[in-house]
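There is one chain below, alone, in structure tokens, taken in the form predicted on its own.
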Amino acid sequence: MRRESLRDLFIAAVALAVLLVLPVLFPQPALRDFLVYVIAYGLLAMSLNLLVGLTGLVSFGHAAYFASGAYSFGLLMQSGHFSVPMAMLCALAGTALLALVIGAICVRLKEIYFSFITLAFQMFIHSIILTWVDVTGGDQGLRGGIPRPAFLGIDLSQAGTLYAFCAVVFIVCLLIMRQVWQSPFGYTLRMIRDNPARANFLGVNVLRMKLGIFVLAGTMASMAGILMALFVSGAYAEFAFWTMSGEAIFMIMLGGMQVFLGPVIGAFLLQTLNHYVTIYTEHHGLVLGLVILAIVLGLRRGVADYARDWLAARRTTREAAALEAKPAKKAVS
């Protein structure tokens, strides 16, 4: 475990260095903006995969916590009484509490019932955002922008500094989720996903475990919403609409749910498709649907999952060929 943790830290440091160097090598603002979108949506998809891929809980309402983080952070910053780090911590704590209340109800249900009650809670939050116009701005979103006062010598009003801040937060969140993924807690969640009855028989408190990962996933989605709110300097009702949760599921389907970084790969693919398809046609939804159908029906799993299985099959074939070659050499000798 210690060696794996050191390896993960090394990979995270290399990934952070690459993210920080890319805008220096290619200083176009469009690339930086594109990477921020990948970071925010990739973090949303990664947080959802803690439920879908790790625990077997398919949530249709995960974007509610994305919106909760964005709106909570934006309102706190607009009040003028909070620094950026303090507003982030308060927004994360508030979203964790929201996820705890909602999760205590949702995790008692199974399969499709769980999925639809999470969607019901998301649409309830979306309706609150639309109707509480005095606070949320309704369908116009938070008006007036989100202030970005400097803290600890960090000025987020500078585009380059904001990008670097988002990249650092993104890598830290990935490290946290990676530790959960590889921890005994993560393997317990896999056991619950594969056979909840056996897990319960072995003494695992299934409801408590599900609630714990539900709260953690909601908190990570909240961080994704905070980064998006910082980047666009606002929060909008679309953040809590069901299509946002649908996009997160699409990212997982595109990238894969069994490889840890699969959802990030899916976020990159989805954002790339959205960017280039919208340039050449207005029917981007149709093209995106066809691509997802091709991947689902052709590969029958995400791109990263398919690549992992293909490499494993090649390795197995090579090992089998090597074992067959050894007796032949002995017979010749």
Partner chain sequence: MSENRGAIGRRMLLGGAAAGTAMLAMPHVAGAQAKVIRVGMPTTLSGRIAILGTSSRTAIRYAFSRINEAGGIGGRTLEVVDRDTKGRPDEAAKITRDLINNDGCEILIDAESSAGSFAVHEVVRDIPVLCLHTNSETSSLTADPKMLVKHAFRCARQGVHDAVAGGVYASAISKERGLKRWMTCSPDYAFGRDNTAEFLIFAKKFDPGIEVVDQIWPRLFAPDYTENITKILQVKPQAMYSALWGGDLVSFVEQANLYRLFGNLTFFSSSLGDPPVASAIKQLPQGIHTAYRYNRNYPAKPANVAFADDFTKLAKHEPTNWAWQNYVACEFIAEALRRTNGRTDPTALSNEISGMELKTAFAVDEAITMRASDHTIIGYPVPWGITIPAAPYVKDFVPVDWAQILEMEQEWKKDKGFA
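These figures come from a predicted structure and were not determined experimentally. Residue numbers count along the first chain shown, from 1.
We do not show the form predicted in complex with the partner chain, though everything after this point is about it.
Contact check for residue 82: every heavy atom lies farther than 4.5 Å from the partner chain in the predicted complex.
Contact annotation: residue 145 falls within 4.5 Å of the partner chain in the predicted complex, judged by heavy atom distances.
None of the heavy atoms of residue 205 is located within 4.5 Å of the partner chain in the predicted complex. When contacts are judged by a 4.5 Å heavy atom cut-off, residue 139 counts as touching the partner chain in the predicted complex. None of 87 to 95, 213 to 221, 194 to 202, 252 to 260 except one has non-hydrogen atoms within 4.5 angstroms of the partner chain in the predicted complex; the exception is 252 to 260.
Residues are counted as partner-facing when one of their heavy atoms sits within 4.5 Å of the partner chain in the predicted complex; in 261 to 286 these are 261, 264, 265, 268, 271, 272, 274, 275, 276, 278, 279, 282, 284, in sequence order.
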